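Single chain ahead, by itself, as structure tokens, in the form predicted alone.
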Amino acid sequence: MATGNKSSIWRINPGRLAAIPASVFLLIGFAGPLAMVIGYSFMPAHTFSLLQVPSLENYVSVVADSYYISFFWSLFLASTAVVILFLVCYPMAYGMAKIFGPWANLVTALIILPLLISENIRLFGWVLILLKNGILDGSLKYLFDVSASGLLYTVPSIVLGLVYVYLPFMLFPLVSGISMVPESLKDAASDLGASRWEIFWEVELPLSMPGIMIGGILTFILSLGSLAEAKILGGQAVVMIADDIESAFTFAQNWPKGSVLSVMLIGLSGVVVFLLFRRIDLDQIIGRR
């Protein structure tokens, strides 16, 4: 009896054993670098060693050096991109889930194909379109004698880049969320006298909310940390926080400053994700109930 109890104590759970490789990978590839970034954020400026006296100097300098402006622009542009993406993608997602039928696969393929090309190459394609005397400006001058030379290197061009690049990350979660709405509930609401607008507002939109929330979280977090869109399409119109982080780690050679900005960006993203995921029923989405 005692021997059996002892052997059960030392028996390794197969699930825990299978999780060891993934746990080691996350520890080395994620937790370790993250801990180093957090450690560097408390080091004196322009130091490259963790063997220094920690201080809060870098966190104070974020306000003193006006880095909050970059945070504001990043939040504003990311929020704007999420709103526009929702308005653009919801009708497309509804059509793919409920209307297009077999044509939905073709639409999906057309949306996925651009992802096979580098993001920077696609953005430089937009530069050729929006550039002065470029494709759009030259075509408008030739056809209507109207100039569109001031579109590039502006805030709207950055938003255009964010919407274009991150459209699939909003679209496909929306398709999944809309597909979760049972047709029987819509028919029941219609039988009870609800109008088409009331069915959408009271039935379809609330029940598709998990897809909306996941798409919004994905596009917001990706847009918040985006770099190429602002640099390629925006020029010096605005500076997003990812640009400041890159400059601190490279040109300025100030790892502690880059680390504190990274920690604050990670913290901001984490708070947003935590607050929004509290409103999502993941068990329902993955089919557990």
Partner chain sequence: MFKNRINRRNFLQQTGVWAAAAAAGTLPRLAHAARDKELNIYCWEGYNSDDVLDPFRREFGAKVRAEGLTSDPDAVNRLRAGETKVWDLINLNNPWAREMMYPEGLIKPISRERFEPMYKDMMSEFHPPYSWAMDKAGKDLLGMTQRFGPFNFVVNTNKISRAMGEDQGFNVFLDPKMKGKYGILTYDNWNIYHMCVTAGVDPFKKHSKAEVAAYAKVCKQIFNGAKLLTDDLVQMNLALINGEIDAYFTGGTYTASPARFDGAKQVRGITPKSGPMNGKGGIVWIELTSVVNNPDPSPLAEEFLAYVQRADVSKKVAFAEGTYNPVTQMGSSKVLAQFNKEELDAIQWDTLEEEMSNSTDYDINPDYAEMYDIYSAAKRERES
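Positions refer to the first chain, counted from 1. Bear in mind the structure is a predicted one, so any value in this text is a computation, not a measurement.
The same protein also has a form predicted in complex with its partner chain, omitted here; what follows describes it.
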**Message:** Quick check on residue 67: any heavy atom within 4.5 Å of its partner chain in the predicted bound form?
**Reply:** yes
**Asked** Using 4.5 Å between non-hydrogen atoms, is residue 50 touching its partner chain in the predicted bound form?
**Response** no
**Item:** 4.5 Å heavy atom contact, residue 44 to its partner chain in the predicted bound form
**Value:** no
**Message:** Is residue 100 near its partner chain? Define near as a heavy atom within 4.5 Å, in the predicted bound form.
**Reply:** no
**Asked** Using a 4.5 Å cut on heavy atoms, which of 128, 106, 87, 143 is close to its partner chain in the predicted bound form?
**Response** 128
**Complete:** Those residues of 106-144 with a non-hydrogen atom no more than 4.5 Å from its partner chain in the predicted bound form are 119, 124, 127, 128, 131, 132, 133
